Ligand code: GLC
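Before any questions on binding or motion, here is one chain by itself as structure tokens, the form predicted alone.
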Amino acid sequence: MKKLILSLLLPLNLLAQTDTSSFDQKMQWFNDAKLGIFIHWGIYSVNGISESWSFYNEYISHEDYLNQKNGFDCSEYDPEYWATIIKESGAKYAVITTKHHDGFALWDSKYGNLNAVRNSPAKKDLLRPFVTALRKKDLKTGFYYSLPDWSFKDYTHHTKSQKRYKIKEDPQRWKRFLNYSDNQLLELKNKYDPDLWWFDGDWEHNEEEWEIDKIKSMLSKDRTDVIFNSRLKGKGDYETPEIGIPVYKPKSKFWELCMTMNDSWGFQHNDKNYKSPQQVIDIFVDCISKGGNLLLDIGPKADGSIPEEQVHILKELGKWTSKHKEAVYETNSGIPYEYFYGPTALSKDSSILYLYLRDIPKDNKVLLKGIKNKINRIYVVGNGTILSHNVFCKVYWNAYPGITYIGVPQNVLDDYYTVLAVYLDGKINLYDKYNAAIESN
């Protein structure tokens, strides 16, 4: 009987291993990418007000909010330039808001009555040329899509104080909404075939009401490698923390921080509180060290031009990523801070340890503790300079591997982050014992 049970369980275990392997393979490009660009673009950029929330929170009437569509002319929209500047930043993918909570679609949807082609001076599909430009640059395409549509007549919510109905009171009306939403999603899938779906707004209903499994099945048909973010009541492929870098590494194997350059997702004329390139790279390095991605947002103007402050940040970010690409892409999370007082990352095979130095090292040295491996060499990434190192507190009668001091002359320092590559004699081996007294003598 035990043999029979074992024989029945074994294929299931093998299947589970295959599923895990298949999932990791699907997520490989995303895990290697490290940097993506988020694009919030819609009619809210005309007046420069909060996207969708400005009418939902009743700071402005719904009618006045929608009147912005008359100024959404996209006259300076250059999708080729967008793709070029995104590529230059070092990003490997882009996610664009195909439709925010306000229901305004950037493509010519046959469903609903609010889109850029039929309801704005733009009079054109804004997604097609951008998707084409991204793929010419070998960049992955992500589509943001809002589950709620506060403008659609058959959706439950309209503003914070106005709810149209409850699902249990009119389930047929809810079905009409789901049919509208499903048809829009199928249009996006069939017309553009994105690599990643970035959903938002799942908090207003539960998993069954949204029909999450149906959405995923529908969008995965004939495209089993497509990726979903977690805002499907947690039934996605990766976590999506927002604005604030996690203090601790997220539990999920795959995750992505989405973050604004200033304090706004969409373009706002009065928001000049931009982060400096240094501050953006600070956050990016933190994401890399914790094994995650950064999805950095830009908010184009109503005419389609990208604000110069945002272009500047993208260009400076690109200079740093280009110089340090070895220590950015295809890396894994680093080692605990007990071993090095700063962010770190590891190569895929864990035989190269990358040390990120934000500041000028005191006495031109940095210290690394508890590395049991032999260090073959240390050099400055993007510079090539070989660095000297010395080991202290290593004695024959104790297994403690000592403290390694690495010399870092000021002439090799980067304007933002200097990165050191520590080549080890194999997979990193960290000392993890409490030190005792004499072990042998």
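Keep in mind that what you see is a predicted model, and the values were worked out from it rather than measured. The first residue of the sequence shown is number 1, and the count goes up from there.
Note that the form predicted in complex with the named molecule isn't included here; everything after this is about it.
With the named molecule left out of view, the stretch that reaches within 4.5 Å of it through heavy atoms in the model of the complex is, among 258 to 266, 154 to 162, 356 to 364, 322 to 330, 258 to 266. When the named molecule is considered in the model of the complex, only one residue from Glu204, Asp193, Glu242, Glu76 comes within 4.5 Å through any heavy atom, namely Glu242.
Of the residues His40, His389, Lys69, His62, just one reaches the named molecule in the model of the complex with a heavy atom at 4.5 Å or closer; this is His40. Shown alone here, His101 lies within 4.5 Å of the named molecule in the model of the complex, counting heavy atoms only. By the criterion of a heavy atom within 4.5 Å, Arg231 is counted among the residues contacting the named molecule in the model of the complex. Contact check for Phe30: no non-hydrogen atom falls within 4.5 Å of the named molecule in the model of the complex.
Shown alone here, Asp200 lies within 4.5 Å of the named molecule in the model of the complex, counting heavy atoms only. Residues Glu51, Trp53 are the ones in 51 to 82 with at least one heavy atom within 4.5 Å of the named molecule in the model of the complex, listed in sequence order.
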